[in-house]
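We begin with a single chain expressed as structure tokens, specifically the form predicted alone.
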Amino acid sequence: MADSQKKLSTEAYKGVRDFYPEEQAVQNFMFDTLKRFVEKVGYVEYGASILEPAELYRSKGAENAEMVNEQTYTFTDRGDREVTLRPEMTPTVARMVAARRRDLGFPLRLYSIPNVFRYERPQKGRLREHWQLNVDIFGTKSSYADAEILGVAYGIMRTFGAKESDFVIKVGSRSYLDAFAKERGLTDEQYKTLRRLLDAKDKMTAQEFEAGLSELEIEPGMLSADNPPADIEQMLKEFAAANINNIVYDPSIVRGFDYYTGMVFEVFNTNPENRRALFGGGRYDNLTALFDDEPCPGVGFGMGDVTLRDFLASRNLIPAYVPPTHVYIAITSPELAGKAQTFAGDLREAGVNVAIDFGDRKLADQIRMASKHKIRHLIVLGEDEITSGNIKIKDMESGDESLLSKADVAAFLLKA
């Protein structure tokens, strides 16, 4: 009798991804590259649970109302506590720094690559779950820390192979905007409207943007890029002196979070078909004040893996997939599986990654399997090879074959 039970869908939950080997290899390439670079410039890794008390994101300055009320995955646990899957990492690291501030040495350079969750409409470059590099410096208000963070952002892009012409880093100033709003006599609500308007500038037409400014009685020319604040102007001069010329001042850069207090920036793709922000960050000097009376200044950024991957793919900067397995051993009969395992064990001891077929399929099917997995080298092991000790290795890419003694196989494969 046929099973009438409804089968489950093989589709992943909407807005998240499955990572098959080739996709996982790209993810590993990105993460490994990021880790190598940020550790090279003095940052150390930390981690934390994906679960946080919901109150962390409802606290003043932790996030805007839309994200807290509409975009978090929040639930009540069995202890009647409200819990949230973290939508970002900055409040978490601020909590951790506040908890151990007496034991930590400052300036403190930290990084992590956590997964984060937001319930929003999936679209190009934006999903409900993604991974995000977070880089932060705590314990200093020095403008040189701001400059270092910008330099790390620039260095990461260059390390992946991007040219200066491929991206631009636009720098703004929350402190400048605060002063502008005060000078114009804007109410708190009007100031929030201005920040939201500036943050969404690239998602609207020039006419829509100017209409929004007009409602606040602000002329577009009032927010010109002609006169950057002194600290930002000095940074830009120093970058230019170091022959870095794609970091520019743009007063419309504000970032969406309420907790930013000073320099803010976003990195943009310069591709005319996709001039979108790739990632960004800035200075936040009051965030740890949520946890104690001694705010610890900080500056940093978050870089999402989705936009990074899209950027690298558009610039042909993702390397071709190479499986970690060096060689596939096919066997001519199931009875040879034990001897094949012994041979594979010797190769593994020498540092070779080996996969073995069990011989329960035709030899042609075994060879097709090696090709399907894109394993470069193939060994067919039969009675003759075991008796003679002479092993034929086939390069599945070129079709070339090499006949070697058993003792020379490992060195050949590691060198290939």
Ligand code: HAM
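These numbers were taken from a predicted model, which means no experiment stands behind them. In this text, residue numbers run from 1 along the sequence as written.
Below, we refer to the form predicted together with the ligand, which is not included among the displayed structures.
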Subject >> the ligand contact in the model of the complex: Gly172, any heavy atom under 4.5 Å >> reply: no
### Message
in the model of the complex, is there a heavy atom of the ligand that lies within 4.5 Å of any heavy atom of Gly212, even though the partner is absent here?
### Response
no
- prompt: Taking heavy atoms only, is Phe343 within 4.5 angstroms of the ligand in the model of the complex?
  reply: no
Fill in: Partner contact for Glu208 in the model of the complex: the ligand, 4.5 angstroms, heavy atom
no
Within 4.5 Å of the ligand in the model of the complex, heavy atom basis, the matching stretch of 257-265, 213-221, 190-198, 103-111 is 257-265
Thinking of Met30, Tyr43 and Asp146 as the candidate spot, does the ligand come within 4.5 Å of a heavy atom on all of them in the model of the complex? no
Answer key, the ligand contact in the model of the complex at 4.5 Å (heavy atoms) among Pro228, Gly300, Pro297, Gly151: the residue is Gly300
Answer key: of Gly139, Gly161, Gly304, Gly155, within 4.5 Å of the ligand in the model of the complex (heavy atoms) is Gly304
Checked 275-294 against the ligand in the model of the complex; residues with a heavy atom within 4.5 Å, sequence order, are Ala277, Leu278, Phe279, Gly280, Gly281, Gly282, Tyr284
